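First comes one chain, alone, set out as structure tokens in the form predicted alone.
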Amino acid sequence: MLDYVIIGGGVVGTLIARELSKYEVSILLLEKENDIGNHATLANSAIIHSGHDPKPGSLKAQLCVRGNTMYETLAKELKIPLIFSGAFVVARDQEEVDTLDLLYQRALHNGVKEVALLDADEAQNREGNLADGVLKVLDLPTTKVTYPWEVAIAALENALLNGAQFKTNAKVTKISPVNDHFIVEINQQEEIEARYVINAAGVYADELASFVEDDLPYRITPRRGEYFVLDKKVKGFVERVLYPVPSDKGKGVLVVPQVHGNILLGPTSEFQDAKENRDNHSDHLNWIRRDSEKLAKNIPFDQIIRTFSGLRATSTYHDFYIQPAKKHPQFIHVAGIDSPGLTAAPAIAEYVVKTLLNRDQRLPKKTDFNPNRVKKKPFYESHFEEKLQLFKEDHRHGHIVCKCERVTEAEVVAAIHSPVASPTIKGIKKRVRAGSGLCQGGYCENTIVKIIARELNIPISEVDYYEKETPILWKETKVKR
């Protein structure tokens, strides 16, 4: 019997796995997709928020501020990218200025450090492409930006190093409480016994919780957010995250510099019933164009290279719901983790393990826990002498597969065989950025398909784009006779 089963391989689930791996316990993380970080972790703004927005006294406020500070240690231990961008919240009329003053007081109450109010001239001097007509800004220097799915991948790699296990393509189809443990059914076939179940299933958290709760204290209503991605040639267009004054729909359309030089514009905010629909809509994208120009001028819309959308797990509880189940307290709800979920994720993991689990159990700590992840520097970032040495060790570094992102064949092969691998087109994109550049895989995708097929010894028609059974090639149309 396992000690802990964690359901959900997003940034929250993987960081909980890492936190638990500090103790002498058995851990299995289950993910229904064929890769981790496929949903909210994949499609979000990548911001590590300061904590200025959550309602004072809420769990969101507490864990957001704590999580923000934890990312600096995470970046060192897990070798995840982190830029200390800072942020401006922009007010354009007197009503928004009044709200900005309230946000300033809220930020102070929540314990946000270095927060300040700036007039228009000072803000414009610091951020040259700030939109005209701005009256006042809230300066949030502790705001940061990361690379969300690498956080999840790095956390799980480190958890595996410290004894955790994980399984993909493992959809939980039933959870049965039995005496002092649970039987977790996977894919209507396999059964696993566990003393504790931690439900970090994102938009599906309420569906899983219904297996053990008769009167569920929350419901998840997915909220879709759509984005534009600008090419990394725009790096430096803005240095900070730019927020509007928030509304009842959320933080609004943002302008966000990214760790690899791109800029995100978005998101929209639309509630929907479907938990899988992540379509883009032209009217929503036009809304992004209009609203982003209230934050920044001279936006290079001609540098847009792609659009995407993601779903946030907004709950009727209006806060993070992180509590034991009422009837079966060894089932832990980690639900309603919408914004600032990415920011709070390491603090959520700490809260679940130290406050909810370790408080009563007094878990035995490992003496040999290794907090560090080994990550190789990208080939293109290496010095000339380093590149020569890498080429001597593996001549596949001499074959540049993705010219936009300067990714070598050796790096693609390493990603295919990594401990947390997903040998799909998009899985490789998430790990080494092949296909993330201007052409969005137009030139490298066919080569990557062949490399995956070769390394897995499968026909190229069986190479998936992302999810299971999503081949991008169906059959040959040109055959030599």
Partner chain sequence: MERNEGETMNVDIVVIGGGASGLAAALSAKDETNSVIVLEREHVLGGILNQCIHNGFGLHVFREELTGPEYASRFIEKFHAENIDYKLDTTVLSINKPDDCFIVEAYNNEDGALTIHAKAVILSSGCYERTRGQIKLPGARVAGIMPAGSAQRYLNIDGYLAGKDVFILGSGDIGLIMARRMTLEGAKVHGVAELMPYSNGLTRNIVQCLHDFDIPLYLSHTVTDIKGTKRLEEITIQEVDENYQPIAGTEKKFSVDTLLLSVGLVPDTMVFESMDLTLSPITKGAIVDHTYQSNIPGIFACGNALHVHDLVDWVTIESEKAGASAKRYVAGEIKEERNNLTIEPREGIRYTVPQSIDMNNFKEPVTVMFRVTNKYDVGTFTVKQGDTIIQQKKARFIAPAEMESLMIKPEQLIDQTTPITIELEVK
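In this text, all values refer to a predicted model and were calculated from it rather than measured experimentally. Numbering follows the first chain given and starts at 1.
Keep in mind that the form predicted in complex with the partner chain is not shown, yet the notes after this line are about it.
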Item to check | Close approach of Leu388 to the partner chain in the model of the complex, 4.5 Å, heavy atom | outcome: yes
Next on the checklist: So, Arg219 and the partner chain: in the model of the complex, are they within 4.5 Å at any heavy atom pair?
Outcome noted: no
Checklist entry - Is Asp98 one of the residues lying within 4.5 Å of the partner chain in the model of the complex, judged by heavy atom distances? => result no
Checklist entry - Does any heavy atom of Lys450 come within 4.5 Å of a heavy atom of the partner chain in the model of the complex? => result yes
Next on the checklist: Within 4.5 angstroms, counting heavy atoms, which one of the listed stretches 22 to 30, 452 to 460, 415 to 423, 50 to 58 is next to the partner chain in the model of the complex?
Outcome noted: 452 to 460
Checklist entry - Pick from Cys404, Ile80, Leu356, Ala347: which residue has any heavy atom within 4.5 angstroms of the partner chain in the model of the complex? => result Cys404
Checklist entry - Just one of Asn179, Ser282, Thr367, Gln189 has a heavy atom within 4.5 Å of the partner chain in the model of the complex. Which one? => result Ser282
Checklist entry - Thinking of Val238, Glu270 and Trp287 as the candidate spot, does the partner chain come within 4.5 Å of a heavy atom on all of them in the model of the complex? => result no
Next on the checklist: Suppose contact means any heavy atom within 4.5 Å; which members of 425 to 449 contact the partner chain in the model of the complex?
Outcome noted: Leu438, Cys439, Gln440, Gly442, Tyr443, Glu445, Asn446, Val449
